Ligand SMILES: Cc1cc2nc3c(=O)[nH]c(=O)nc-3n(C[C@H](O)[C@H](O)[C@H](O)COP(=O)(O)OP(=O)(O)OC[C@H]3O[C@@H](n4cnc5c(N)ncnc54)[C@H](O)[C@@H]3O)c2cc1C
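Only one chain is included here, represented as structure tokens and corresponding to the form predicted alone.
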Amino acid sequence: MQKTAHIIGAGISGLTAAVRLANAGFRVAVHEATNQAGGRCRSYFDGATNLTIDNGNHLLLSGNSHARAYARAIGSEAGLVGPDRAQFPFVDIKTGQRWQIDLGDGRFPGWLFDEGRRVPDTGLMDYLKLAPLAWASEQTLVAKSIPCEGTLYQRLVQPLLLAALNVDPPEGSAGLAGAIVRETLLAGGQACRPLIARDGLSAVLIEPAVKFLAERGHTVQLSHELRSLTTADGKAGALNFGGEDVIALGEGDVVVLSVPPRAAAGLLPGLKTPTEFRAIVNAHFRYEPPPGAAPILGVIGGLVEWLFAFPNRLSVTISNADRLVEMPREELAQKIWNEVCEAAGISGEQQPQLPPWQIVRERRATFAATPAQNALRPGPVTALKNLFLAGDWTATGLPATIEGSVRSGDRAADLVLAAKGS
């Protein structure tokens, strides 16, 4: 008989596991508590801007092999677009200085030896001081591994690690930071080309997966929240979705629990999970980007950290943003817009007072990627032989990123298949 894999949660980690197990011959049933798939990686129509926007601006890199393989499996890899060469423009809005880091397109990080492709006013020795991150322990602070000061730190390392860790870099886990550095800066330009879902995260990473499953006879049921589960003989025995909606698990059926950590801990008493989280603020403005605007621009010296240029829209991401979650929305939008105009070179008659806008504040966007919180991340295996965990908050070896989410889904599916084989 065909066995059933019940995937609890239709975020990207759950959908990754679902697609992988569907391809491996399981009957797949995805159960999502909310009324939409995608979790924090989704798009929606926003009435304030009259545009489809993403819940958060997510950047993938060409070296994110698991995320690209997932997109390839659901037939949407072409929707991840970016330049042919790994080039990243930056602007310091305090000084007005602009520069571009050119990582090239090869495997060897030759850009480190070319003054014209490095951060201005930095030398090779500045980059060599980052080497301890490559082998740092996850229990070590970034501040104990590398200098958290100087031109290179302010203009490249700080914005890169802030975006990846979503904590002030000195307090972050050096091991998690090192994983990012190894897979990006040290892997050469071939691994660093920026890839953006220009048509929206849902259109590229979520909707194709749901369609993929539906076309093959699998199910994705929304507004179907798992309330509890029963156990027997060291296994999950039944899934309770409320009232008489109970699904008994047959011999060989499996469960992949891909829900936020608080929900996972409620379903599995005693499960250790991260307890501290950090906010991310995204701002979206209905405004046609200036001609020649870079798809992504690093911004130094203000609130704005990364400026994304989409058709008819300029969007901003601000990490480690707990300080901004209580600021009045219009005041925050105006402050951000003023910086967007400086960064994008919008001035004079081109600059409206404040175009249609939307502020999205994700209060618990990611776990705090500190050594203490990283130590609380569980692995994929649980005390129940037929139940596995997935999610960017599990112990993936990466911070809470899309690549980490996909890897967790792949790993959970691989464990299911290994158990089936044994």
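A residue's number is simply how far along the shown sequence it sits, counting from 1. Being a predicted model, the structure only gives us computed values, none of them experimental.
Omitted from view is the form predicted together with the ligand, to which the following refers.
Asker: Out of Pro208, Pro260, Pro89, Gly200, which one falls within 4.5 Å of the ligand in the predicted complex, going by heavy atoms?
Answerer: The option sitting close enough to the partner is Pro260.
Asker: Pick from Leu267, Leu141, Leu112, Ile346: which has a non-hydrogen atom within 4.5 Å of the ligand in the predicted complex?
Answerer: Partner contact (heavy atom, 4.5 Å) among the options: Leu267.
Asker: Does Ile402 reach the ligand in the predicted complex, with heavy atoms at most 4.5 Å apart?
Answerer: Taking the distances in the predicted complex, the answer for Ile402 is yes, it comes within 4.5 Å of the ligand.
Asker: Can any non-hydrogen atom of Leu387 be found within 4.5 angstroms of the ligand in the predicted complex?
Answerer: Residue-level check for Leu387: no, no contact with the ligand.
Asker: Indicate whether the ligand has at least one heavy atom within 4.5 Å of a heavy atom of Gly56 in the predicted complex.
Answerer: Residue-level check for Gly56: yes, a contact with the ligand.
Asker: Heavy atoms within 4.5 Å of the ligand in the predicted complex: does Asn282 have any?
Answerer: Because a heavy atom of Asn282 falls inside 4.5 Å of the ligand in the predicted complex, the answer is yes.
Asker: Okay, which stretch from 141 to 149, 121 to 129, 186 to 194, 274 to 282 lines the ligand in the predicted complex, with non-hydrogen atoms inside 4.5 Å?
Answerer: Contact criterion met by 274 to 282 only.
Asker: What residues, if any, in 1 to 31 have a non-hydrogen atom within 4.5 angstroms of the ligand in the predicted complex?
Answerer: Contacting residues: Ile8, Gly9, Ala10, Gly11, Ile12, Ser13, Gly14, His31.
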